[in-house]
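So this first bit is one chain, no partners, the form predicted on its own, shown in structure tokens.
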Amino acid sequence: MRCEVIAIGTELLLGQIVDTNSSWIGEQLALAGIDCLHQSKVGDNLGRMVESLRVALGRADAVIVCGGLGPTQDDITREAIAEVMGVDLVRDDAIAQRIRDRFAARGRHMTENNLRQADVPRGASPIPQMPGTAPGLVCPVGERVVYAVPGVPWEMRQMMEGTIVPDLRRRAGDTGIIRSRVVRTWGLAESALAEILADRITALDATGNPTIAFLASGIEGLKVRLTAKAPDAATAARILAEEEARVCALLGEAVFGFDDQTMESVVLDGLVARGLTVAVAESVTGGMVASRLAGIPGASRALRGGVVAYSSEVKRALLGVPEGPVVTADCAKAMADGVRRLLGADVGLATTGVAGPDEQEGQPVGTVWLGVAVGDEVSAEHQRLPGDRERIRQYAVISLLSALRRVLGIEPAG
């Protein structure tokens, strides 16, 4: 089964909106074992949309068209698909009523142009999932099929998961189960991960099941995705569990979590499990560490609070930092211990460093010191972080949380 993705919208070509939908759709197709060989973008022009659809249908079994299903004059995906199918558009009264009901439920006036969304190419079927006012469509074109979905990501994703991926797998004659598990890592470059796992990947290449893939996630680290195909869910789960154990044994403490876990959620769970509270003193990160921790539901179980000590005077007055340079190990340790005592926490964390050229104090940009105080045990870790100001600060956040994870010996759970 070969599939293509066409993203619709002049705004995509102008760079006004980044096309994240196509990449997400491509990932879902790969997880379902569907080959996605081409992806393209086309503006809101009927002739070019029709041409793109015909080219795609000439080399693929299925095409997913994303966008252009709204109520405005430039939403012409329906018209383009109808022309390719060689049919006219017909008003679907059931969809029209759903649109009216949706507006009525919100207490909003509905303009008549909204009913354009109920116009369906003759012979096409609406996708049952309709979280917004724009219905998705399943449109047969001979032995091939075109799926049309809205450009709104959360609407598109429900339709992909609820209808399109199952339908593609049915058309492909695939009745097996595909499951994935993501192993989340921090501290190793992609090249280092690849080298560590090289022999295992080579061995799996010979069998084709399960598979290992790397997913770079920027400031969130690197993900190692394990995918298994099996006749039933229990067998797939067993295959994934066995492979996960092998990968974790090879990668060691670089593994901090699984699937949707984040560094802050893992650290917070580890603190709660140990009955520990934490306080944060931040200079270079300006409150970002405390914000990440506070963003986790139930953070109050462990998070006492934080101090943004950006100026040297605040560091000394509130946290007891001694006179002298502040981008140092001694400063980071004094900040961590000071905030722990100030806020009555079991654990103190601190960041100090240089994120831009106007803050250097004789230190290279990217120089960061991370302080961790657990009781009377206080340590500092030096990092040279890459990127611009924002990336340096973001890297410092996750690096500090990872340092605490190692100090406390927090193991990934899940």
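All residue numbers are counted from 1 along the displayed sequence. Not measured: the values here are computed from a predicted model. Only the largest set of C-alpha atoms that superpose within 1.5 Å between the two forms is called the rigid core.
Quick note: we don't show the form predicted in complex with another copy of the chain, though the next part is all about it.
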Note to self: Each of Gln39, Ala294 and Gly387 having a non-hydrogen atom within 4.5 Å of another copy of the chain in the predicted bound form: is that the case here?
What the structure shows: yes
Next item on the list: Have a look at 322-330, 84-92, 304-312, 122-130 and name the one stretch with heavy atoms inside 4.5 Å of another copy of the chain in the predicted bound form.
Entry: 304-312
Item checked: Option touching another copy of the chain, based on a heavy atom within 4.5 Å in the predicted bound form, out of Ile219, Met288, Cys248, Val165 -> Met288
Check: Just one of Arg171, Arg144, Arg225, Arg98 has a heavy atom within 4.5 Å of another copy of the chain in the predicted bound form. Which one?
Finding: Arg225
Notebook entry, point to check: Taking the shortest heavy atom distance, is Pro357 within 4.5 Å of another copy of the chain in the predicted bound form?
Noted result: yes
Check: For Glu242, is any heavy atom within 4.5 Å of another copy of the chain in the predicted bound form, or not?
Finding: no
Next item on the list: Indicate whether another copy of the chain has at least one heavy atom within 4.5 Å of a heavy atom of Ser52 in the predicted bound form.
Entry: yes
Check: Does at least one non-hydrogen atom of Ile76 fall within 4.5 angstroms of another copy of the chain in the predicted bound form?
Finding: no
Margin query: Going through 11-47, which residues have a heavy atom within 4.5 Å of another copy of the chain in the predicted bound form? Please give them in sequence order.
Written below: Leu12, Leu13, Leu14, Gly15, Gln16, Ile17, Val18, Asp19, Thr20, Ser22, Ser23, Gly26, Glu27, Ala30, Cys36, Leu37, His38, Gln39, Ser40, Lys41, Val42, Gly43
Check: Is it true that Thr235 shifts between this form and the one not shown by 2 Å or more at the Cα, once the core is aligned?
Finding: no
Note to self: Does Ser22 shift between this form and the one not shown by 2 angstroms or more at the C-alpha, the core having been superposed?
What the structure shows: yes
Check: Any chance the CA of Arg304 moves 2 angstroms or more between this form and the one not shown, core superposed?
Finding: no
Check: Closer or farther apart in the predicted bound form, the C-alpha atoms of Glu27 and Ala192, for a change of 3 Å or more?
Finding: farther
Item checked: Direction of C-alpha distance change in the predicted bound form, Arg181 to His38 (at least 3 Å) -> closer
